[in-house]
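Only one chain is given next, in structure tokens, and it is the form predicted on its own.
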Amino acid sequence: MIKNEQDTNVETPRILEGVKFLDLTWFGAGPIAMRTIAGMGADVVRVETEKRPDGLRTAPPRPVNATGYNLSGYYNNFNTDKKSITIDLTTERGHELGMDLVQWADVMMTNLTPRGIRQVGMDWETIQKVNPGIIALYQPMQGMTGPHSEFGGFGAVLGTICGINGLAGFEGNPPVGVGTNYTDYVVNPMHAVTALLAALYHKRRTGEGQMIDMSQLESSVAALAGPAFALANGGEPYIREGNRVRYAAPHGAYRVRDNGERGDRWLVIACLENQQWRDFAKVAGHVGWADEERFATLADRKANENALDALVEDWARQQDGEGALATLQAAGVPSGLVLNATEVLADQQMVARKYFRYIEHPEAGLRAHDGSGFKLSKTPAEPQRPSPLLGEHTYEVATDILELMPEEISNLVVEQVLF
């Protein structure tokens, strides 16, 4: 339950309250999906181990000279509202406890490779025998079947094999890596959430669980349908043109005057229609540009794009970024400033809509966290609790869910089954 912002005395139920999720994910795509689920009110128990902690716990950003597994801003942002129990699932007793959690859960998710899944004994055949009604989402990089199903890799690898790196940069130059932003943070987590909610809906109607085989590769390729279908349907190869696109001109990022605070600043302009181009020329104080034959139509502007960009660049260098943006927006010209992370945190639109959630973490302190990315008027879905310390809820889960006695818990800690 969370407090209703309009009436602090009213508590609003979240849509997945009472639904039990077993989180066997690590690094990016899996934990982000589970964070969204946890934000909807589900009871998410995250299984970790001190023998091989989630690498995200050691990833930057971290405070200077920070040590320990609880201070990564990356990890803490993507694991809010979860509980952490540390179990070595590779031991005989640890596997038994894992099966007890499977029996408890309505849903399980993992993004381990098929080999890793076999190592911890969480394959579909095994868990379905223990809990026939469970929903299990398997999210390895290239799916559970096929000749490459055993290949390992992370977001940067996925960006290469799904083709996204082949779309960035300029023709004739080496491909440009785009990090893990599309694959790890956006496409795969949201496809996973969609699949989980669909399977839950089916279960509520029929009582049936099911296995979800989700290839991160296929999920990522789905976001690149434009270039793929342009080639398949029209035989039209994709040409890498940097910030340029075939359906707009001018279209790019143009350097504006340094405001003395952050160095280089860039203004993005995208004129998709002739009227927008004419309005831009008027705002720029060069109405005559729109009357020049070489810039009269989109086809003309594309044919003379180097000359067009040179004019826009010369104009932009004389402009204050905020002032130019306000004038262009008022004239209906699509435009925006390229913001850095500090500016995004302070952006008046983001602040007004209360996107960032500031949550106090017991070791990291008060930190900004991503919001849900959407707002539900009846069943809010925002992060409420900080990410768990490694093994923070081991005793709680061991007693309340696994129903172990304190003496047995102590013995399992000594045996390094629990940590």
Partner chain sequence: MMALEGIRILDASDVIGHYAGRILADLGADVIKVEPVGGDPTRRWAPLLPDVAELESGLQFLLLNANKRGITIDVTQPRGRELYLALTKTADVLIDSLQEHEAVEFGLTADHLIEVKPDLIHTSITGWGLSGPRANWAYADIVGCAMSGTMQLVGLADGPPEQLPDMQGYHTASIQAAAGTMGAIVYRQSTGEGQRVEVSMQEAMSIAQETAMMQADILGTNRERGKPQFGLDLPGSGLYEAADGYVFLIASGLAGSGFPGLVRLMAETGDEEDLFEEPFRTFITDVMGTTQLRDILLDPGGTSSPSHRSSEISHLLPHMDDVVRKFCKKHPKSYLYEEGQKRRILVGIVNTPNDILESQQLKERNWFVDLEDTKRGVTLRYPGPQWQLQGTPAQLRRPAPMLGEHNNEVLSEIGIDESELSELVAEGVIAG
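Here the structure is a predicted model, which means the values were calculated and not measured. Residue numbers count along the first chain shown, from 1.
The same protein also has a form predicted together with the partner chain, omitted here; what follows describes it.
The partner chain is not drawn, but in the predicted complex it has no heavy atom within 4.5 Å of K82. Shown alone here, E218 lies within 4.5 Å of the partner chain in the predicted complex, counting heavy atoms only.
In the predicted complex, the partner chain sits within 4.5 Å of a heavy atom of E236. Taking non-hydrogen atoms only, I32 approaches the partner chain to within 4.5 angstroms in the predicted complex. A single residue from the set L224, A290, V130, A303 has any heavy atom within 4.5 angstroms of the partner chain in the predicted complex; that residue is L224.
Think of it this way: in the predicted complex, the partner chain has a heavy atom of just one of A195, V120, L97, V312 within 4.5 Å, and the residue is A195. In summary, the region of this chain contacting the partner chain in the predicted complex, judged by heavy atoms within 4.5 Å and restricted to 205-213, 88-96, 278-286, 103-111, corresponds to 205-213. Using a 4.5 Å cut-off on any heavy atom, the residues of 323-341 that reach the partner chain in the predicted complex are, in sequence order, L325, Q329, G332, V333, P334, S335, G336, L337, V338, L339, N340, A341. A change of 3 Å or more separates the two forms for F151 and N181: their C-alpha atoms lie closer together in the predicted complex.
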